[in-house]
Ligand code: PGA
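Take a look at this single chain, the form predicted on its own, given in structure tokens.
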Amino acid sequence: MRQVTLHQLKVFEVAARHSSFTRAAEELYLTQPTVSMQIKQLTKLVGLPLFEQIGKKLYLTEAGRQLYATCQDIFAHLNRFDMTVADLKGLKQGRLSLAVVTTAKYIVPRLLGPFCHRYPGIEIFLEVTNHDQIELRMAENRDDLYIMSQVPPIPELDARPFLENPLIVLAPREHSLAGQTRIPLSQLANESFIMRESGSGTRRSVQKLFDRAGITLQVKMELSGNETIKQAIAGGLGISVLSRHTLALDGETHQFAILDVEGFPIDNQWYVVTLKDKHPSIVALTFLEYLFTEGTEIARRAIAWSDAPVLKPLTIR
């Protein structure tokens, strides 16, 4: 193992993470034969198979799993060392890995813009995915910080709220319920409903509310992605429940109406989540300090609630 190179370990780590030589080659900008050759040389040095192929799927062997865990430790230590050295030199540079739920894509880039201008030496890796995939990334200790609205009930997590994330009922502008007040929740049972995909935190909140009220929705479509759902609403295919933040970029298009339904908006918060036992990097600590000292206010100003296309004022409780 003393002859193993960091390059070989990096190629192996990426291949193990994706369970694919092809995807590893794409991420590392290498050819697939090069990836295969590096894995082959590493396997020879280890003296045991690292992968096994069953059908068309690639799996880690026991030796492979142990080496993958070792690689994660090695690269985590190296990243911390790089950032410690940079901090000792009086510089803020290094890497920040963020994983956020899909709705957070409307606010996180607005937070990152001023941060990156202030610290141009920091490289940002941003993963946007749904709630279930965020939990998987947490279990694998893949990122520095996580941003989500529903925090899993796991004792190993430390979650701090930093921004409101109300959920609203969104309909086409010309919908028959638009402009009405105090619409009974049961009225939505008569409407064609567009639901987020399984694994979505928004879907969980919606399902919980209607299950508690004993109301069965007429789910006509199940779509992944807020923008896709908004296009379906604008096309008259139904109504849906989405984060109020999803309207932030629509300006004065006036395609939508926010329905005044009893029980809405559903009060939610954005949380920044860390693993309690994980030693945060200097870059992560710098971002957290920025987030709670000025980032939240930057996000509120950027969202510009009053400019969103609504038919009536929305009161955020």
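Here the structure is a predicted model, which means the values were calculated and not measured. Start at 1 with the first residue shown and count on from there.
Beyond what is shown, the protein has a form predicted in complex with ligand PGA; the following relates to that form.
Proximity to ligand PGA in the predicted bound form, defined as a heavy atom within 4.5 Å, holds among Q150, S97, N79, S192 only for Q150. Only one segment in the set 212-220, 71-79, 180-188, 130-138 has any non-hydrogen atom within 4.5 angstroms of ligand PGA in the predicted bound form, and it is 130-138.
Taking the partner from elsewhere, no residue among V169, T246 and P265 has a non-hydrogen atom within 4.5 angstroms of ligand PGA in the predicted bound form. Proximity of N165 to ligand PGA in the predicted bound form: non-hydrogen atoms within 4.5 Å are present. Taking the partner from the other structure, ligand PGA in the predicted bound form has no heavy atom within 4.5 Å of any heavy atom of F287. The closest non-hydrogen atom of G199 lies within 4.5 Å of ligand PGA in the predicted bound form. Taking the partner from the other structure, ligand PGA in the predicted bound form has no heavy atom within 4.5 Å of any heavy atom of V206.
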